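Just the one chain here, laid out as structure tokens, in the form predicted alone.
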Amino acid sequence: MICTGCSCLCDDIVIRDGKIFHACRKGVKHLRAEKATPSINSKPVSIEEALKAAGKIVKNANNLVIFGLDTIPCEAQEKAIELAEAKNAVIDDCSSFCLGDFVELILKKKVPTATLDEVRDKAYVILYWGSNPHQSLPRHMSRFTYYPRSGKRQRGYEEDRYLAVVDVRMSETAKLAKKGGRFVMGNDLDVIDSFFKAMEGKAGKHPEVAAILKEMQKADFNVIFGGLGLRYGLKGDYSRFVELIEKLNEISRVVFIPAGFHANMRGFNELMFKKTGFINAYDFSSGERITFGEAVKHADTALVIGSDPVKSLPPYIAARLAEINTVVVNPSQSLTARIAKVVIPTSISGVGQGGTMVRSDGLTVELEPFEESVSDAEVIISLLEVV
């Protein structure tokens, strides 16, 4: 089966006799999460009663905001977008504060990209910038980047890979780079400037980037993985980074891939981009961009699907969700479910519901469930029918 615990979408997972094989610690936690119970005002009810109550709440909502969606199949995401349009609602996902900006750069073709399979077979310099896959994507390095012996890189990390890391702290991944590659610690804009100076034969604030540049020149294919550290380090202005990627491609092929987000965040971004021209945070009533964090301040109803904002977002959002009519659609028990008016449990994507997801590199992956359960698409369709 395919694990939907993160955007790697590992396709070699086996569940046999209640045991999980090949999954990383995040995957095991995802697959073994405590199942949610259908409820209304914290009281257990049947799934039919929960669906009926949710339908009434959504139908009567005057200012609806829909949030989450990154862990459900594209087919369910499409229905959620339809629901948002039908209700003139705001719809948003975690990408508005995660790596959505990087996906947007790719969709608008401002930076060159590639698939993880190409990286596995061809890439020499593997540069993680503001990303620590050891924690966020535990199998990323072993399946796609540093460790694989594949294609043109049959000698693996011993001879055929060069690991580089740019970060503000000595992460687990940075420790690996320090031993057998290059670790650069500092401000992102200073590091970018040092790359430009190195290409001019000058020393910048971080002269050690010259070693990375030298290694890039040895190969015809290199990759930069951008994480949350880079996203926030650039403070919303990506022009200098885009310029750097362009300049690096004058000396070697250098591609960019976002690293570290939920299983189907990119799928939602692509669907929204095709529908609205925006990748997230869209208000169907005004046609303008507004994030969940702003929209929830004025909403009377929140439909949270496949996410736990109370756990991951600022406290004022949790307080607001407790005040308004919050409906949670999610496979597992969560902090948001504890304060919701209605909870509707669905199945884990890839386990009890199928469909398609889009991996972090843009590859579409087919999910084949091995048991039948309530799907997110079915729940959202039932809400659409009521509306």
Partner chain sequence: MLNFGKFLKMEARVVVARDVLNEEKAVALVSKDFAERVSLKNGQPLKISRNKNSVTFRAVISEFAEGTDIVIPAGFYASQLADFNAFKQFTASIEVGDEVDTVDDFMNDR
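Residue numbers count along the first chain shown, from 1. Being a predicted model, the structure only gives us computed values, none of them experimental.
Form predicted in complex with the partner chain: not shown, discussed below.
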Requested in this report: Report the residue, out of Gln135, Thr276, Thr115, Ser150, that has at least one non-hydrogen atom within 4.5 angstroms of the partner chain in the predicted complex.
Outcome: Gln135
Query raised in the report: Which of these residues, Phe97, Trp129, Tyr162, Tyr238, gets a heavy atom within 4.5 Å of the partner chain in the predicted complex?
Result: Phe97
Query raised in the report: Can any non-hydrogen atom of His298 be found within 4.5 angstroms of the partner chain in the predicted complex?
Result: no
Query raised in the report: With the cut-off set at 4.5 Å between non-hydrogen atoms, does Lys109 touch the partner chain in the predicted complex?
Result: no
Requested in this report: Could you confirm whether Glu288 comes within 4.5 Å of the partner chain in the predicted complex, counting heavy atoms only?
Outcome: no
Requested in this report: Considering only heavy atoms, tell me if Lys218 and the partner chain come within 4.5 Å of each other in the predicted complex.
Outcome: no
Query raised in the report: When the partner chain is placed as it is in the predicted complex, which of 239-247, 75-83, 224-232, 197-205 ends up with heavy atoms within 4.5 Å of it?
Result: 224-232
Query raised in the report: Taking the partner chain in the predicted complex, which residues of 13-46 have any heavy atom within 4.5 Å of it?
Result: Arg25, Lys26, Lys29
